[in-house]
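Okay, here we've got a single chain as structure tokens, the form predicted on its own, with questions on binding and movement later.
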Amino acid sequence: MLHIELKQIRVTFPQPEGGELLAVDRFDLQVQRGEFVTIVGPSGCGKSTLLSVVDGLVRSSSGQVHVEGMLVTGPGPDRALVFQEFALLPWRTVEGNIGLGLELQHKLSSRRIKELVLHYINMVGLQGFERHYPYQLSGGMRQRVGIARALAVNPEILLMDEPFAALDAQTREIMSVELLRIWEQDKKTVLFITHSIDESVYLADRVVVMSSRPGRVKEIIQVGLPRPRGLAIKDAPEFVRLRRHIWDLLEEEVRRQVDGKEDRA
């Protein structure tokens, strides 16, 4: 069932010296309910901008985004954004950060909020850290809090903007495994931006490769690897082939970027 549809998305930004910078151009994508889609592309190709358009934080210059057939005109409770920088409130504990969105909704009793918060603490493996503050947590633990906070409001769509980029390599791999474990439980629809080719293939049902700026769909790659997946799948011949193919596509775009063949509006 079609869940998200991006139609001919075009985003421009005004420039200090005049004129406009064309960030995203003629971007089309359809995402099915429960699908995990990763997006990769050269730096500055508009990946984060595109995610903000889907969330409703940025309005496209032209084109439309539909969620379940409804036009996106702003942020909504059906979508939750997970940032790279954790974005936790330092004066709130793990419990307090995870429960923040639920409190702001003013729909549930404090008792029910506490029950849900404990449920998601268990889901992301933070038992025993309920009353810790962000400064008392590792980077991976802080990112778990961010994911749990997004899940707690029960969105239909998770928008994840390079959520593991600030983590060390080992923690990043562990978090990828954990994210798939969590996703397998209720199959939220996920749009996940990453610079890591390995991460993009490991997580996804499909990988969207973007061109250098202005960001367009260069190729959409179906990942036919079986689920559930463990890290050992990265040694499989098909994984290696997909990684090589995506690398070749990105290398072509990076060379184009270095050669200065980017467009302006």
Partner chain sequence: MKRWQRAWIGGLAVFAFLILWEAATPLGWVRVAGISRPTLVGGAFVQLAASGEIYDGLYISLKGFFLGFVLAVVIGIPVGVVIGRYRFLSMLLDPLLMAIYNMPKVAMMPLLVVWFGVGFGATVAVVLLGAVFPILVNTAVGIREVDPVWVRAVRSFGGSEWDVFKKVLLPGSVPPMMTGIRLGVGRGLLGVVVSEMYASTEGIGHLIGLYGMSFRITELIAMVGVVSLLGFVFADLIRRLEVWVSKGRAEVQW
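Residue numbers count along the first chain shown, from 1. Here the structure is a predicted model, which is why all the values come from computation and not from measurement.
Below: the form predicted together with its partner chain, not depicted.
- Interface residue remark: Arg149 is counted as part of the site for its partner chain in the predicted bound form, having a heavy atom within 4.5 Å.
- Of the heavy atoms in Ala169, none are within 4.5 Å of its partner chain in the predicted bound form.
- Heavy atoms of Leu89 reach within 4.5 Å of its partner chain in the predicted bound form, making it an interface residue.
- Mapping the unseen interface onto this chain, Glu199 falls outside it, with no heavy atom inside 4.5 Å of its partner chain in the predicted bound form.
- For the three residues Met123, Asp186 and Pro228, a heavy atom within 4.5 Å of its partner chain turns up in the predicted bound form in no case.
- Between 114 to 122, 101 to 109, 174 to 182, 190 to 198, the stretch whose residues reach within 4.5 angstroms of its partner chain in the predicted bound form through a non-hydrogen atom is 101 to 109.
- Screening Ser61, Gln64, Gln30, Ser52 for any heavy atom within 4.5 Å of its partner chain in the predicted bound form leaves a single hit, Ser52.
- Residues from 1 to 32 do not approach its partner chain in the predicted bound form: none has a non-hydrogen atom within 4.5 Å of it.
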